[in-house]
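Following this are structure 1 and structure 2, which are two forms of one protein chain, each written alone as structure tokens.
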Structure 1
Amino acid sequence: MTIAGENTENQILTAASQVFILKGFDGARMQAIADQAGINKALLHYYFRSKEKLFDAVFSEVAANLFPAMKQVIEAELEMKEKITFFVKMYVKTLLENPFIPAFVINTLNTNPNRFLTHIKKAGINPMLLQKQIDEEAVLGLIRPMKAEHLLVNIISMCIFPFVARPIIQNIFEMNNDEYQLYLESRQTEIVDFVLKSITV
């Protein structure tokens, strides 16, 4: 077996990622993916039986790259404030490298919920651990008591939202593309500040 097969498969996956992420499942065209990959449309069906299967492959890969890093930080051996600092900086950095992923996931989530649910395979994040740490540190007076499901969602919301609502925000605050890039980068420290100030007793 030559590696050409694997190679083509990867070409297809790369092309499919790009098109699906940009257009969503419904907006993506098999022909567009084939063109992007520089191959015949029939080859798509040779490697992946259907559009759905191809999408699943792409989505799995994308989703797989999204959660583990998160999980890793959350379960790290760090004081909560350090953990938050580290998490936000890493997460926003990841988003800066893949700015269209969040909108893609949200789009899939909401227009094809069934398609998503098959892929959810337990994000693997254990909020109990997080809550435990919050409780412990609260007792020590390091942070104020709080529910993990609010703290975590607050943080992630602030990280992700500027990526999915970019056109609106950019319009309201009249930023050009360069300015918005700087804005996104500045949010790393800004979010950390904002959160730490809030959870300090």
Structure 2
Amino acid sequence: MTIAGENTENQILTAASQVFILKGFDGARMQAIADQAGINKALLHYYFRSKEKLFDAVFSEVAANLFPAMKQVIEAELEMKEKITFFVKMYVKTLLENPFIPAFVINTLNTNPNRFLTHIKKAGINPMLLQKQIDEEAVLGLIRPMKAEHLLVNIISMCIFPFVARPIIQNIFEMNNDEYQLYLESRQTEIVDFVLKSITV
């Protein structure tokens, strides 16, 4: 594919992600995506034959940003506290670079959770490895006993919520865009400190 072709495809994927976030899969229209991308509908269909194929392409890019990194952290030979620190910093950094991800994932979970589950399974993420490590470190007295599902949900929720609820938080605390960006960046340290204190014996 030519560079021009690659640029057009990236332009379409960016536009599609914006439309899917606003409208969801069912509400999104190919014409709206073409308009957002600044191309005609015929060219859009040339690159992506259907809305389903376009959605899968966009979601595959989202999954490519998230799941391999999550798998790598879960399987890393690090103590749990180091693993949590690395995970939070990696996760928030990914969200800062791709701020559309939280809304896109939540919309996908609401409209078609099987798409999300398929990509998780494809990535080979095994949360039971995390539970095994938690159990081992709890026996050694390094951390308190806990369920992996609670730990992961707590961490991911704290990372994602400021991105999803940005209009509300930014308005309540009267932050401009630059101030809110600094707030999002500071979340890495705040979340790490909060979670490490919560698991300490």
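All values reported here derive from a predicted model rather than from experimental measurement. We call the rigid core whatever largest set of C-alpha positions still superposes within 1.5 Å between the two forms. All residue numbers here refer to structure 1's sequence, counted from 1.
Of the two copies shown, the first one, structure 1, is the form predicted in complex with another copy of the chain.
Positional change of residue 18 between structure 1 and structure 2 reaches 2 Å or more at the C-alpha, relative to the superposed core. When two forms of a protein are overlaid on their rigid core, residues whose CA moves 2 Å or more are considered shifted, and residue 115 is one of them between structure 1 and structure 2. When two forms of a protein are overlaid on their rigid core, residues whose CA moves 2 Å or more are considered shifted, and residue 39 is one of them between structure 1 and structure 2. Core-based alignment between structure 1 and structure 2 gives a C-alpha movement of 2.3 Å at residue 48.
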